[in-house]
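The structure tokens that follow cover one protein chain in two forms, given apart as structure 1 and structure 2.
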Structure 1
């Protein structure tokens, strides 16, 4: 269908102000944060902005009938081209659909629409003494719908886990426009093992099986106290060993972050006033809970860390905690400062490895960087083995771009070789699907069967998650 005709038909389904088609509008939907998007332009034929389940359903019925690709999109803050129209067609922007429909305090849950921003949800829940625990670093911009699509986790996954552990049910519009509710049509229960677990089937499917239009989340009581501990190491290997020492003691921090020497250097060049200690690694432990337990656990972690660290500091003072945490919070931005003419690119940025392989992965990434002459800043969520890498290159230099792609490929394959995964929280999208067979083996064939059963015409976010050549 020609773009002009497509727009005319969509305006019959939605009000004209909910259909975008001007060149500049379409261009603004052609990118996300990924390196792949920087090097390519994926311009949709039209963008729709539905704000009801019925509108989503009608658009999907139309798209299904005419076999037009549909790509659901939230805030567009992803790093894998997951919300880009790599096959053209319709982008379905759900970011404006940001209603928190009900906070059910008695049943510790909330019902909301997919466009609700993570930070705004927790701001709203704070008045009830509740919160939604997963905390991606993009909290102030990412949508809960996007978190469900990618099974996001982030800084506090050590204690609180990933998004899937909090989703009790979903309203989903299937590719043919049919609307289903998972987790029980009328359910308000927290525990439910009735039937197949369709809820978890859609979580992490990256919009390839349907459009999530409503989310029912389990909530937790908001912790009353919090503390931060910094441990400094002159030997990188002692950092992950300390993490295991803490686990063996029976203490589970809410988050454990690592900055290696490359990240420390980047932060100090970006903001000299932070003045991080010159070291091979820094660990930041966050502990939360009731005041007495936080104080005891913090002092115990400090005692354990002193066995391997050259410096340890523990604080529950809000001002000092903010200062201790600041180095980690600016790391992603600071990465580009390791090179005056460079930019940090989001590629190979999200590998996950076993806890006992964190040191080896960091050292190997440094060696891979040296091999290709590319500076790489390393940091991440060491508590669950999620390592973030930040290659810094001149993206206008085609030779460097080619070398960066080779570097990223080696990083991904190193993660699999070490018994890990190409992604811990950012998803597959259009940038990591080529590793699916190596990582999943014959299980990939089952994924194709599920995809074909729910989306026989292949219109739902095509070109994502599964290797395309095997999908045909």
Structure 2
């Protein structure tokens, strides 16, 4: 269908102000935060901004009939081209649909529409003493819909796990426009094993099986106390060892984060007031719970950390804690500060390795960086083996871009070789499917079968998650 005709038809389905088609708008939907999107222009033919299940369903019915690709989009903070129309067609921006419909305090759950921003949700829930624990670094911008689609997690996954642990049910519009509710149409139960677990099927499916239009989340009581312990190392390899020591002592921190020397430098450049010590590595342990246990655990972790660290700082002062924790959460973007003429790129940024291979992975990533002459900043959720690597290059220099692509490929292969995964939380999108066969073997064929069953015409976010060559 010609673009003009497409826009005309869409304007019949949605009110005209919910259809974008001006060139500059379409261009603004050609990026997310992935490296790949920097080097390619994935320009959709139209953008729609639905704010009801009915509207989403009508658009899907229309797209299904005419076999037009539809790509759901939240905030576009994804790092894999997930929300980009790599095959053209319609981008469905759900970010403006951001209503928190009901906080059911007695049943400790919330129902919301997909566009609610993660940080806004927790701000809202605070008044009830509740919270939604997954805590991505992109909390200020990413949508809960995007988190569901990517099964996102973050700084507190060590203790609280990932988004999937909290999703009790979903409303999903299927590629043909049909609307289903997973997890029980009327259910408000917290435990529920009735039927196949379709909720989990859609979580992490990256918008390739349907559009998530409503989310029912289980909430947790907000812990009363919190403390942060910083351990400073002059030898990078000692940091992962401390993590294992702490686990062995029977303590489960809510988060354990690592910053290597260049990450420390980047944070200090961005926010000098945080004033992290100059060192080879820093670990940040977050402990939460009741005040007495937090105090006890903090002292215990401090005692254990001292065996390998050159310095430890334990803080329960809200201001200092906020600084330290923010220091970590901004590293993702602040990484670029280590090179005046460079930028970090989001590629090879999310490998996940077994806990006992973290040290080796960090060492090997450094070596790979050296091999290609590319500076890498390492940080991440070390408590669950999720290592974030930030190559810092001049993305406007094509030779550097080419080298970076090679570096990234090597990092991904290293992860698989170490018994890990190419991605711990950011997903596959259009940037990691080439490793799918190696990672999943014959299970990949089952994924194709599921995809075909739910999306026979292949219109739902095509070109993502599954390797393309094999998709047909």
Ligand SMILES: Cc1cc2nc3c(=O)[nH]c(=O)nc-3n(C[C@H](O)[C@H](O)[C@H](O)COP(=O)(O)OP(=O)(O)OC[C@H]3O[C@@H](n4cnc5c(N)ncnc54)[C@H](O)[C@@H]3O)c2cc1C
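Numbering follows the first chain given and starts at 1. In this text, rigid core is short for the largest set of C-alphas that superpose within 1.5 Å between two forms. This is a predicted model, so every value here is computed, not measured.
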Which of the two shown is the form predicted alone: 1
Per-residue C-alpha change between structure 1 and structure 2, residue 332, threshold 2 Å, rigid core fit: yes
Per-residue C-alpha change between structure 1 and structure 2, residue 119, threshold 2 Å, rigid core fit: no
Yes/no, residue 277 Cα shift of 2 Å or more between structure 1 and structure 2 with rigid core fixed: yes
Rigid-core-superposed Cα shift at residue 323 between structure 1 and structure 2, Å: 3.9
